[in-house]
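Here you get one chain, nothing else, as structure tokens; it is the form predicted alone.
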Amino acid sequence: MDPWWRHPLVFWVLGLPPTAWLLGFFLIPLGIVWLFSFAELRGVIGMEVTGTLANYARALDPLYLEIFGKSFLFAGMTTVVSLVAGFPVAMAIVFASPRWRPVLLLLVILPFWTNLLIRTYALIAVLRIRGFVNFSLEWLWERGDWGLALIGLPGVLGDRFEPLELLYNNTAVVIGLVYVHLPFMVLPLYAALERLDRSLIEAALDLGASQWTAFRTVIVPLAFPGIVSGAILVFIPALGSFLTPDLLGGTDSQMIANVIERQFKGANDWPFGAALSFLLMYLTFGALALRAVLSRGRSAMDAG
């Protein structure tokens, strides 16, 4: 392939439109919001960029640091649960027959065909007091311990069925975040496991390793790039999630994205909302830098 400088006209014709799009609709608006983070309010809706750091200092208030911490906790729990739930799914797809593999992959990406708002409201119908989960538990409870034994809950619900509080709390937020972001974990894991040399697993088993030992010492290390990629793809969007905690969480389940939304809309404090947004972006860049360091360290270990 010839270098681009031998065909400059083709390069500019193909490269200029996406570059202009990126500048006009991403970098320039992002830069404007960044300037807002150094502005001060003037009047009701006016702002003046003064270079102040007061907005960032205000963002370090213990109240907002607690919300940042809660957001990191929710995102971390979402990542761990998605990894634990997604690894067996990815392995099942990889070891499925070629006939069923495309069907299983289609089922993984099928939620992307539906709007996130609709999926979240569907989850509300599942988790609410008179939702499908409580309906199912009540149906099993009415059939005695044998019904509850089907799900491993003999006698747990007591003499009188009380619906479980599954909605408008922290648990609902984590369930919702896992529900939304699980495919982002499964797909990178599948891509990593698909390249796995199965003869290594067979060799480990032939040499006397148990299935758990082969999984821990062979499969997991070889799938490490997919684990890191999936963790980043789940953690970063979950950290900035807004809709899920807004619809599924309670008053103490709000994440930092909900606070940012209120600053731009309800409080009309754009400078402070911009400062919070860029603090979140700085943390995101930190997570990406950590991923690069881990990948580089892993590559060095493999080369050694």
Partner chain sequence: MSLNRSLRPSRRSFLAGTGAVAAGLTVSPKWGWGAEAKALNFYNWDTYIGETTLDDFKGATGIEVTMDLFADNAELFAKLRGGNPGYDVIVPSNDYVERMVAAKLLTKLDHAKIPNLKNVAPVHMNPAFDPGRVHSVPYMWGTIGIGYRKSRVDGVPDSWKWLYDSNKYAGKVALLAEPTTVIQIAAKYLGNSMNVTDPAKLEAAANLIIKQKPNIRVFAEDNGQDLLLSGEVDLTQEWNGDILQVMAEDPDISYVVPKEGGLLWEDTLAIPVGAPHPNNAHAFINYILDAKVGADIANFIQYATPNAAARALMGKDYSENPAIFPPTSVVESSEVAIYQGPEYSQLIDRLWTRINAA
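Positions refer to the first chain, counted from 1. The model shown is predicted, which means the values in this text are computed figures rather than measured ones.
From this point on, the text means the form predicted in complex with the partner chain, which you will not see here.
Stretch 162 to 170 is the contacting one of 227 to 235, 76 to 84, 184 to 192, 162 to 170, since its residues have non-hydrogen atoms within 4.5 Å of the partner chain in the predicted bound form. The partner chain is not drawn, but in the predicted bound form it has a heavy atom within 4.5 Å of M47. Contact annotation for R130: at least one heavy atom lies within 4.5 Å of the partner chain in the predicted bound form. Shown alone here, G69 lies farther than 4.5 Å from the partner chain in the predicted bound form, counting heavy atoms only. Proximity of L41 to the partner chain in the predicted bound form falls within the 4.5 Å heavy atom cutoff.
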